[in-house]
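Only one chain is given next, in structure tokens, and it is the form predicted alone.
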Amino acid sequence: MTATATRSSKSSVDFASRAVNVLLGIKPVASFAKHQARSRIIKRAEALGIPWRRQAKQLQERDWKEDLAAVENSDLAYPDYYLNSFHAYEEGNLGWSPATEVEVAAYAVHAKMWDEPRRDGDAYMRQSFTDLVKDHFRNNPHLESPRAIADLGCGVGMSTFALQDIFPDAQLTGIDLSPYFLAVARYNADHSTMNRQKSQPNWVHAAAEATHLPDGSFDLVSTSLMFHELPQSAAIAIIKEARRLLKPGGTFAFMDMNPQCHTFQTIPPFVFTLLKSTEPYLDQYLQLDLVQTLIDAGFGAPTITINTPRHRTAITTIPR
């Protein structure tokens, strides 16, 4: 693609984004868009054989008090950006509905990014990321296999368990702002036969930009699918925090949407409206200069790999 074509494509996306923002500023339109987005994704899931409503109902009927009490930091002050509505939930990530539905939602969202819809699309996407992380350590003989790993924005543990699969001897720490997500992650770790055979992750209820964990305490800091949910100020702060948490020679690995992917360049206006109604900081993510942000935080220039039709992976190691 030529530079002129790239600028033209970006201008089209920016114009569409501004137009959608005007529409979503009208509350009834925003509410309708969120309802439509949620309905579409549930229908997509169940058409693929993903039991969205049944699985969510089973989890929602469980007594979560013990799991919540085990992970919640009641003194935590939530940053303002996190109190927004996300993913068509008015409570954002601070509730049982998003926490008990996030896994089936991931299966549905990631099923259709391939040429043929595949129910295992989410697992395939996560493996494409962890394969790159594993190869990074394998192809750099001066790097030892990580013994301590932090998973920022771990959600209900899907990304944490994917890292645990490739580094089974490492101690994992999953960090998230939602105690509801962490309660489900703890439950998933306790009740998965595979996970019971490994050391249990530590679950930390904290902001990824202010974990309060010790300096230089991790060999690998990883984040998956979190940055598109952040304002740029938080994204920059989180990258600085990742740098602080890493030991000399430590590695930072990042996976999220690829702003240059074909999907974003060709997305129909109606679908774009639905997407933006569920992702309040998407514009700021699409405009984030990831490479420069990493360099400004003290990392070297990362390797960037397109690991799915919609996602990119960035990996960088701090020199010793």
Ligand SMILES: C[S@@+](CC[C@H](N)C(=O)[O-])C[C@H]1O[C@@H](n2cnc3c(N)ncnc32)[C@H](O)[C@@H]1O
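One rule holds for the numbers: they count along the sequence shown, beginning at 1. Owing to the predicted nature of the structure, the values given are computational and were not obtained by experimental measurement.
The protein also exists as the form predicted in complex with the ligand; that form is not presented, and the subsequent description refers to it.
Engineer: Any chance all of A253, L294 and A314 sit within 4.5 Å of the ligand in the predicted complex, going by non-hydrogen atoms?
Structural biologist: Spot residues vs the ligand: no contact at all.
Engineer: Can you work out whether S224 and the ligand are in contact in the predicted complex, taking contact to mean some heavy atom pair no more than 4.5 Å apart?
Structural biologist: Answer yes; at least one heavy atom of S224 falls within 4.5 Å of the ligand in the predicted complex.
Engineer: Wondering, does D131 line up within 4.5 Å of the ligand in the predicted complex on heavy atoms?
Structural biologist: D131 lies outside the contact set for the ligand.
Engineer: Does T173 reach the ligand in the predicted complex if we count a contact as any heavy atom within 4.5 Å?
Structural biologist: Taking the distances in the predicted complex, the answer for T173 is no, it never comes within 4.5 Å of the ligand.
Engineer: May I ask you to check whether D165 falls inside a 4.5 Å heavy atom distance of the ligand in the predicted complex?
Structural biologist: No, D165 is distant from the partner.
Engineer: Which is the contacting stretch out of 241-249, 224-232, 112-120, 137-145, given heavy atoms within 4.5 Å of the ligand in the predicted complex?
Structural biologist: Selected range: 224-232.
Engineer: Pick from Y187, Y81, W96, Y124: which residue has any heavy atom within 4.5 angstroms of the ligand in the predicted complex?
Structural biologist: Filtering the options by heavy-atom distance leaves Y81.
Engineer: Counting non-hydrogen atoms within 4.5 angstroms of the ligand in the predicted complex, say which of A108, A88, L177, I149 makes the cut.
Structural biologist: Looking at A108, A88, L177, I149 one by one, just L177 meets the 4.5 Å heavy-atom criterion.
Engineer: Pull the contact list for 140-171: residues with a heavy atom within 4.5 Å of the ligand in the predicted complex, in sequence order.
Structural biologist: Going through 140-171 in order - heavy atoms within 4.5 Å of the ligand in the predicted complex - the hits are G153, C154, G155, M158, S159.
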